[in-house]
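In the block that follows, a single chain appears as structure tokens, in the form predicted on its own.
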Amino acid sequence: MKNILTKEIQNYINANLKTDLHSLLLKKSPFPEVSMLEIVQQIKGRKVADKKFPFLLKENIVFPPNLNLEQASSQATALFKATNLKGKKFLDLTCGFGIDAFFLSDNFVEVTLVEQNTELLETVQHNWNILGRKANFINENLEIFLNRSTEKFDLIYLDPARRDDEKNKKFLLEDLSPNLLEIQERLLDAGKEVIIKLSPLVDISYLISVLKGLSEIKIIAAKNEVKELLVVLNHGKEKPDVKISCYNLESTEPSFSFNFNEEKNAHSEFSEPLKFLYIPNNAVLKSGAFNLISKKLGVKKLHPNTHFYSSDVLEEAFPGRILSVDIIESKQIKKGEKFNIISKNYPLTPDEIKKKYKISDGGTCYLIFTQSRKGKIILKSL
């Protein structure tokens, strides 16, 4: 790390920020003390930081290998996760590149970061020094740390590894590293609150069935792509009433929260398409609140297997896309027109629709191909 920070090498990196990285890798490094691969990695890191965590675009910040950059949370999601968190002692058991830790620990007095990768932890420690942030940096396996530590923390955070030695993705909590089912009681004993970041693909019902002290599951999307699930554990929390919260960051859509058992007891009302069409965002779809959203917001479902909703009066609190629509006949679709095409619970895919009607993507209008309880329908946005 020391060599990459010399003024000459930093100047070279700055001068090549817009150079094609593949062409750079074919060149010999002009500096015998660092390889071209190391130089390119720093350039790649700055490019990633520009979009993902711009707070690190400062002089002498060092970036880790690609895998650590990919696994790190974005600044936007980390900032969101830190909302309303404060206390005396914060512990991150899986520090990684330290993005989550940097923001989550902002309102804590004492910060402890545990990371078993020595080089990665040294990088984080260097960067935090540059950024003026203090912490206790522990280079150790988290399970060993938990077993030897007698400290109590206000908040414990961890992001378990979700791939095995063959790089295959894992979702069950017992298959993660660490095995969350084995250490959850120890976590709850050491922390007043425990927050765990999980894959967006993990099943919510499964989480509720296996986790102890589960009080909330936060489904976090950004620009309508579900990025992660956050589970919140509290010592002594009694189940079964678990709060589910849905967020779509980097949008103007409102959040949507409910208690898990509410959905089991909810029933949708149905109707044919009315003036407004509502398309839930992917965080809500992940939550499975298909009936409750109808009941809570007073919008009517089009079909039991179509998660589209409708109303005559605008419901601005709906967490998703809202369109003013009319029902049209297929003969009203003109050859060569451009539309944004949506197909749900309909026999044809968007590509098949484009081919059949000789239309293409684009424009400002939507064509929605779907079904109501009366059968197949086509809707056009106004």
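Small disclaimer: the values here were computed from a predicted structure and weren't measured. In this text, residue numbers run from 1 along the sequence as written.
The form predicted together with a small molecule exists for this protein as well; it is not shown, and the discussion that follows is about that form.
Student: Counting non-hydrogen atoms within 4.5 angstroms of the small molecule in the model of the complex, say which of 210, 161, 131, 172 makes the cut.
Tutor: By the 4.5 Å criterion, the partner-contacting residue is 161.
Student: Give me the residue from 153, 247, 278, 97 that has a heavy atom within 4.5 Å of the small molecule in the model of the complex.
Tutor: When the small molecule is considered in the model of the complex, the option within 4.5 Å is 97.
Student: Tell me which of 214-222, 70-78, 291-299, 265-273 has residues with heavy atoms within 4.5 angstroms of the small molecule in the model of the complex?
Tutor: Careful reading of the contacts points to 70-78.
Student: Residue 283 versus the small molecule, in the model of the complex: is there a non-hydrogen atom within 4.5 Å?
Tutor: The answer is no: residue 283 has no heavy atom within 4.5 Å of the small molecule.
Student: At 4.5 Å between heavy atoms, is residue 141 in contact with the small molecule in the model of the complex?
Tutor: Yes.
Student: Is the gap between residue 115 and the small molecule in the model of the complex 4.5 Å or less for some heavy atom pair?
Tutor: Result yes; residue 115 sits at the interface with the small molecule in the model of the complex.
Student: Just checking whether residue 306 would be counted as a contact of the small molecule in the model of the complex - the rule being heavy atoms within 4.5 angstroms.
Tutor: Residue 306 lies outside the contact set for the small molecule.
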